[in-house]
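Listed next as structure tokens is one chain, alone, in the form predicted alone.
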Amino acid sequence: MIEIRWHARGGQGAKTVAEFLALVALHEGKYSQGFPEYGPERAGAPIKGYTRVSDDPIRVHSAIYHPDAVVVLDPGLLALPEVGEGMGADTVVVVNSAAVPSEVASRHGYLSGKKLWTVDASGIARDEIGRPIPNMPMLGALVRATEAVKLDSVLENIKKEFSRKFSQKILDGNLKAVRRAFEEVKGGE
């Protein structure tokens, strides 16, 4: 089982992407859970999302305290102690940042020695979707960093789920954003 904790601010799409990743895993024949945890329910407030993906039934139903992967949609949240809570030596960390991983690690010591990846998800989203909502590019980066699900499965499910809700332009933008982030993410050392 892989347990993923998402850190974001309200309005960045963490709830959506945590649940969407769980849906993708289900379509791959895996077991999954995806759910948010809210604090103050307002745009801009810090929130957490959780996703579990497993080949076997999932019997735990709680927040994720020892994540295998941590995804940070707003790099400003790296200053909060809860982002680093429960991280082990092998925790994969994916951060929305134009900086290279070594720069991010040097600013936040608790990330030193982690499998750290960075991608300019907000920039990619702005370029491809027209709005700096980083959730889908961060999903592309996470897939590259963890292989929790297949990139093709993510793209297929975007087509299936988003075509009902969004225009073709937004759908195509999300597909391009996920692919770009998958290709442009740096790190993992």
Partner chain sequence: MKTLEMKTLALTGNESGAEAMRQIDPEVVAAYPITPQTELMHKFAEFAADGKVATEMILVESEHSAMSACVGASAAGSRVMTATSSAGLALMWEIVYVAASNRLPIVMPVVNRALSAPINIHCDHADSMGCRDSGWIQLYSEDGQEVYDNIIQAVRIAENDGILLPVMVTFDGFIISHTMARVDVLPDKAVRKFIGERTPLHPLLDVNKPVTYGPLDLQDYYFEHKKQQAEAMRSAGAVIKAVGKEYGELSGREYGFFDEYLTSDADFIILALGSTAGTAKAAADELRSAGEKVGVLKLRVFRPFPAEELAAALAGARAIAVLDRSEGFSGIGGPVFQEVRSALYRRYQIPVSGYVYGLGGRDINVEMIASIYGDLKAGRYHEDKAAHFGVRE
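Given the structure is predicted, the values throughout are model-derived calculations rather than measurements. Numbering follows the first chain given and starts at 1.
Not on display, but discussed next: the form predicted together with its partner chain.
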Review point. Looking at I129, A145, L26, L155, which has any heavy atom no more than 4.5 Å from its partner chain in the predicted bound form?
Key: L26
Point to revise | Contact of E19 with its partner chain in the predicted bound form (heavy atom, 4.5 Å) | key: yes
Practice item. Examine F162 and determine whether its closest non-hydrogen atom to its partner chain in the predicted bound form is within 4.5 angstroms. Key: no
Review point. For A63, is any heavy atom within 4.5 Å of its partner chain in the predicted bound form, or not?
Key: yes
Review point. Any of the heavy atoms of S32 lying within 4.5 Å of its partner chain in the predicted bound form?
Key: yes
Point to revise | Heavy atom contact within 4.5 Å of its partner chain in the predicted bound form, the stretch among 119 to 127, 64 to 72, 133 to 141, 147 to 155 | key: 64 to 72
